[in-house]
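Given as structure tokens, the chain that follows is alone and in the form predicted on its own.
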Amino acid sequence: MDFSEPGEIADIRAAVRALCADFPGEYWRGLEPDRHPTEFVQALTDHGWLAALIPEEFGGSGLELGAASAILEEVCASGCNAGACHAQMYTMGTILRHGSAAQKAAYLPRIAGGELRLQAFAVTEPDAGSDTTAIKTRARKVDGGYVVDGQKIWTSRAEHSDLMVLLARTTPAEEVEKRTDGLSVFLVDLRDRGSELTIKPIKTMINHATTEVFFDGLELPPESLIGTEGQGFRQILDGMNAERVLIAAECIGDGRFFIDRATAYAGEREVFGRPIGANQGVQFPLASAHMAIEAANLMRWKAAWLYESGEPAGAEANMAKFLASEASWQAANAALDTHGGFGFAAEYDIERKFRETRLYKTAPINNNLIQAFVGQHVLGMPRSY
């Protein structure tokens, strides 16, 4: 086993850090409560980082998932928020593996060049939640394509995206043999849709630009279908496994941010005549959180390697997301405790990142469901849901 990091990734890390230095804490604090970081996303686009997974023949960098995850890790470790744009990476999994040659030729060069934004991933519904097979949004096949009716929720960045990857039912649930059958994936152009498509923002505790989307007779051409009709559930798993690895990397970056800030503060802040970092009550929680981050990082790289190798990666991708989100939350709490009252002061950026990293224990999949998945599908225990 070789645990060394390729020089290419070290170069990527350095370049991303340099870009993020132009967007310090003052920039992010100025965005709250809900202004989108347009300038930051544009800078990442201009430097080609959001086209990391797009093959070179279509104008992208042609990087593997692990290298792409390093980009988002460094964004978060630098104190920035990768959640503003990370979907453009993980939605690529579905298009790259299941999109037609015509779809790739039509869209990927324009996405890579920044002409089109692909940030919206519409799967979850109000009455289905994490039970993806229970979604009711219907895409009916008609002459000339499909007509979509229904509703999605927690579709982040839909207002800041030109394209959306949509999962909908093409065959009613009562007419399929398996619950995972009859679902299909579509690439939807969000521009100039009028009353057929309505996007409503949802106010949240963090600046995440999430929305609910309503479809009312939305007409889609036949070429909007990605892959094979009725096999959409299996097709989006490629995107979801990539998503889990990338989210894990973001959490690892958040964890590094918290540990770096807290250890520096603990070494400088003096109380009772000595640095607070000399106290085991401060030192031990930070050391424990650092070890948790390092352990999660190993699972992240294993999951990325399996995905890149074309091997089944679902269990490892989910475990990486679980371990990394738990570790980043542990680091967030340790950092807040270390800073004491100043941890709640906006100027230190701890409270902002504290809110940002807490999201990933809940989204894009709740950690309780990951534990159930591992219990049932890895350990072979009785089904709980």
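All of these numbers come straight from a predicted model, not from anything done at the bench. Each residue number is its position in the shown sequence, starting from 1.
Form predicted together with a small molecule: not shown, discussed below.
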query	finding
Candidate stretches 186 to 194, 202 to 210, 307 to 315, 251 to 259 - the one whose heavy atoms come within 4.5 Å of the small molecule in the predicted bound form	202 to 210
Option touching the small molecule, based on a heavy atom within 4.5 Å in the predicted bound form, out of Ser224, Gln283, Ser130, Thr171	Ser130
Among the candidates Thr94, Asn297, Ser156, Ser78, the residue which, in the predicted bound form, approaches the small molecule to within 4.5 Å (heavy atoms)	Ser156
Ala139, heavy atom within 4.5 angstroms of the small molecule in the predicted bound form	no
Contact of Leu323 with the small molecule in the predicted bound form (heavy atom, 4.5 Å)	no
Distance check, Met319 to the small molecule in the predicted bound form, heavy atom within 4.5 Å	no
Distance check, Ile9 to the small molecule in the predicted bound form, heavy atom within 4.5 Å	no
Triple contact flag Val123, Leu359 and Leu369 to the small molecule in the predicted bound form, non-hydrogen atom at 4.5 angstroms	yes
